[in-house]
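Just one chain is shown here, as structure tokens, and it is the form predicted on its own.
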């Protein structure tokens, strides 16, 4: 991306945008343009002054790139990496949050793929056709079969690609809705999201792809022929400017954290909590709508069945896939635990208080590293016997013991007489025993912009919006009426790669690359006190309760001021805690108090840091 001075006087910025929009304007002449917004912000500028500025300010004052990727989650980073691997020389990622990752960071399961070497090693018989069949069935046949087929056909390559860029997808497991073991996970059986985000971030850095954090895309601009030609953005300082470009890849994620939009499309989800990060607010939907994009399946919103109703922590389906069962407050099973998410969610809502317990034993715990984070977070109850566990959670212990005994009999016989569960690898009879409270929560928005197999965004008449591509949860059609666990990661990697390749091909066919060097934005300045503190100089430690257990910080005070806050020990989730670490610690240093605002999407971590800093400062007063 070519850098230019953004700190222009408001009149010069307005003038530059006016010139830019003369050639690169939105399709609607009735809407307020960025030029009008900038001009309004400079009301003291007279008409004569503005005319003179328009004459003098060159259009090239705008920043420039070949491809602008809107969204720094899994799909966006994948697309940017693939575009550069295909030869793109000027790609930039815009991310409105303080850290990359988006909902991908919260993904706990894995990546579904058929025909991989890892399946072959375990003699698992799978095929593209079976993958497509399972996905269509799980999606209630509402899926776009052409898109599903492309996803399945490219799924094995997706596993290889992730591993080639430094990732780890080498363990194959069973997940709900799949006919065979198909989900690929890290070798340590930990959550897939943090691993993938860490891998993608490292590759983005290696390739020198600029990532502008806390920079929000406001509007996608098109020229007189309807071709994409730029993006209007607002940075963290509230400054609005334009990036001229040839192609845009929309990878803004879904709208699961926008309760108003959720209720607009599915009123019966009013009041539901969400597993989504705070940035999943449907920005891409709004921008695409302004360009006349078509949408599909917007009312198809998935709930995840196993979410802690107090902390909104999502228990990966791998817990059930590895053997756990679900019991109600009466201590009884009520559903095939490996049914699709919509079926299991609906079954839970029919139980007492619309909740249930995820029940497993020591063998299941030892089979899945992801469980350790739930235990460390204090949201799992444990006991030596089923009877003691029942007493601890307020469930009839005798009923719980009988349920486990019956299930062990089904497992031994190889047939679930009650709910026809097929995968029962463990008898659940190894102490200790564990229970985790669950309730459904809004998880994935299956609907979004309509794309073709090249990820080009389509209009209602089927024509493409030239230069606009989309991938990930912002799109619709792949998952139909219900997304299978493991298919979201496949979706973002497969279609993210296609979007990157398609955008690069489009740029090559429409004028080629700019001659500008990609230049990463300079790092932000260190936070500095805005007020004088009143603390004793020294170094202090404190501990607070985070999302996944204790957080220990080290606070340094010099000249009476807090000058640094460092996280020393913690178990917070990679890809999520960084935003809180940066935002909260900077706010504490600036305001000289531990009582600051939490970072959206990382509330528990934010509160843990504040509590830890408060404890440290108690010694510094």
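Small disclaimer: the values here were computed from a predicted structure and weren't measured. Residue numbers count along the first chain shown, from 1.
Another form, the form predicted in complex with a small molecule, is not on view; read the next lines as being about it.
Heavy atoms within 4.5 Å of the small molecule in the predicted complex map, among the stretches 468-476, 295-303, 317-325, 138-146, onto 468-476 alone. Contact annotation: residue 189 falls outside 4.5 Å of the small molecule in the predicted complex, judged by heavy atom distances. When contacts are judged by a 4.5 Å heavy atom cut-off, residue 277 counts as touching the small molecule in the predicted complex. At a distance threshold of 4.5 angstroms between non-hydrogen atoms, residue 448 is out of contact with the small molecule in the predicted complex. At the 4.5 Å threshold, heavy atoms of residue 251 reach the small molecule in the predicted complex. A single residue from the set 67, 588, 70, 580 has any heavy atom within 4.5 angstroms of the small molecule in the predicted complex; that residue is 70.
Exactly one listed residue, out of 150, 287, 195, 498, brings a non-hydrogen atom to within 4.5 Å of the small molecule in the predicted complex: 287.
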